[in-house]
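What follows is a single chain, given as structure tokens, in the form predicted on its own.
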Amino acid sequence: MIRIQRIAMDHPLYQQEVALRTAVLLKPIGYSIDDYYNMAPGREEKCEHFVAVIDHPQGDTVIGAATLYPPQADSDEAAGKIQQFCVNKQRQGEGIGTNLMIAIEVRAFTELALPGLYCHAQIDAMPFYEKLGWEAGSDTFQEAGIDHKRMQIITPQPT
């Protein structure tokens, strides 16, 4: 069974979260977690951390992770930013990312009452976001040497 949890940086699963993000997102482009921390000092501490966890005989195992960077008081951005969204490569296609995103959207739209969410999605990840109702909100741009587009979703409005 897969559980989605929101954790703090001092949680025992945080190191597994970092290891997964490093393996799936950072190492393939030649970055370390320290490189990531140095690109935006203090940002990691301002994020909410979400993990997808499975029971394992050796203990809980993180198989998916993402961070939610809420709007900051010193910014004009009202939407939250999803960052470092990843699923263990051996477990992709099982709905783990969808469940992780649903948990983040519930937190953002219901509990934090944010007007929307956005992310910088790699071009090959766009179909995942589109399947969840997200839309492209920019032209293609380069980030870390990879083509991306801003993907966004607006808070569902009651009818």
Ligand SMILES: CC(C)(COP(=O)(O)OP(=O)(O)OC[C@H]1O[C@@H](n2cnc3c(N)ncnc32)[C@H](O)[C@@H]1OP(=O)(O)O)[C@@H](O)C(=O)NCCC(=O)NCCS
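Predicted model, so just to flag it, every value in this text is computed and none were measured. Sequential numbering from 1, following the sequence displayed.
Below, we turn to the form predicted in complex with the named molecule, even though it does not appear here.
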For the named molecule, considered in the model of the complex: do all three of Gln72, Asp76 and Pro115 come within 4.5 Å of it, counting heavy atoms only?
no
Given 121-129, 36-44, 54-62, 104-112, the stretch touching the named molecule in the model of the complex at heavy atoms within 4.5 Å is 121-129
Is it the case that Val24, even though its partner is missing from this view, gets within 4.5 Å of the named molecule in the model of the complex, heavy atoms only?
yes
Interface membership of Gln92, the named molecule in the model of the complex, 4.5 Å heavy atom rule
yes
Taking the named molecule as it sits in the model of the complex, is Ser32 near enough to touch it, meaning that at least one heavy atom pair lies within 4.5 angstroms?
no
Judged by heavy atom distances of 4.5 Å or less, which residues of 60-89 approach the named molecule in the model of the complex?
Phe85, Cys86, Val87
